[in-house]
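Single chain ahead, by itself, as structure tokens, in the form predicted on its own.
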């Protein structure tokens, strides 16, 4: 059964407590990560998160052009988030739009605290994110994949960055919203964090929650980021094991 719906269903959670894709309330979608998927990039990663399919390439540190963009004390981190025209059920118009520009900035700000940019002044580190298929939650999936692509490129990091979202659907707090829940739910709370350091690098919220609902959402996101961090570590170990 497809849950990429054009109209709001009567219920997003059925009487058995199962969501449209068959998951329980606090269940993550399956996540698959692979490191080093592009030979011509300094670092790369591919993620499948549910039906999301995203590839990330990292270039740098490298000479920055134009030169006046260089920062004297650190590398300039540049992120470009893009969705392929065929990534959504209805063909997306090619090229940057307001949402992709916004998410490019959000992803950059989520990754930046984890990087030792001061070690590479007057250079650029470029992160290119291409969404091949979208099913809700591409922001957190992109951050998760971009983090290990940066590690693959050998960029010194304080910690990996893992990301996840929770939200309010049919009056209940759920983890890892799919596209229908994102579109028709009452609230969405994506976060990104450095799990070992226990530091949040991104927190956003769309919709309305009570304080208790917010606290519950934040807790289950943090717990999920710990699990996602282990998936990231295993992907990196798989790439570099002898």
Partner chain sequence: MKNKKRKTEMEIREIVTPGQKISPRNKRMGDNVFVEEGNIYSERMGLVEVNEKRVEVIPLSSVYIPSQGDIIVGVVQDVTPTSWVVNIFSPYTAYLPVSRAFQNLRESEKLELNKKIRVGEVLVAQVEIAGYGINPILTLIGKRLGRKRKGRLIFVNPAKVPRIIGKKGSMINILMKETGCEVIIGKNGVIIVNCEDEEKEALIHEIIRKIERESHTKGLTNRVEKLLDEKLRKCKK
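Predicted, not measured: the structure shown is a model, and the values here were computed from it. Numbering follows the first chain given and starts at 1.
Although it is not shown, the form predicted in complex with its partner chain is what the next lines describe.
In summary, among the residues 112, 99, 105, 119, the only one with a non-hydrogen atom within 4.5 Å of its partner chain in the predicted bound form is 119. Within 4.5 Å of its partner chain in the predicted bound form, a heavy atom is found for all three of 62, 152 and 157. At least one heavy atom of residue 196 is located within 4.5 Å of its partner chain in the predicted bound form.
For the chain shown alone, residue 87 is not a contact residue for its partner chain in the predicted bound form, no non-hydrogen atom being within 4.5 angstroms. When contacts are judged by a 4.5 Å heavy atom cut-off, residue 233 counts as touching its partner chain in the predicted bound form. Although the partner is absent here, residue 37 sits far enough away that none of its heavy atoms falls within 4.5 Å of its partner chain in the predicted bound form. Just one listed stretch, out of 202-210, 24-32, 182-190, 53-61, contacts its partner chain in the predicted bound form at the 4.5 Å heavy atom level, and that stretch is 53-61.
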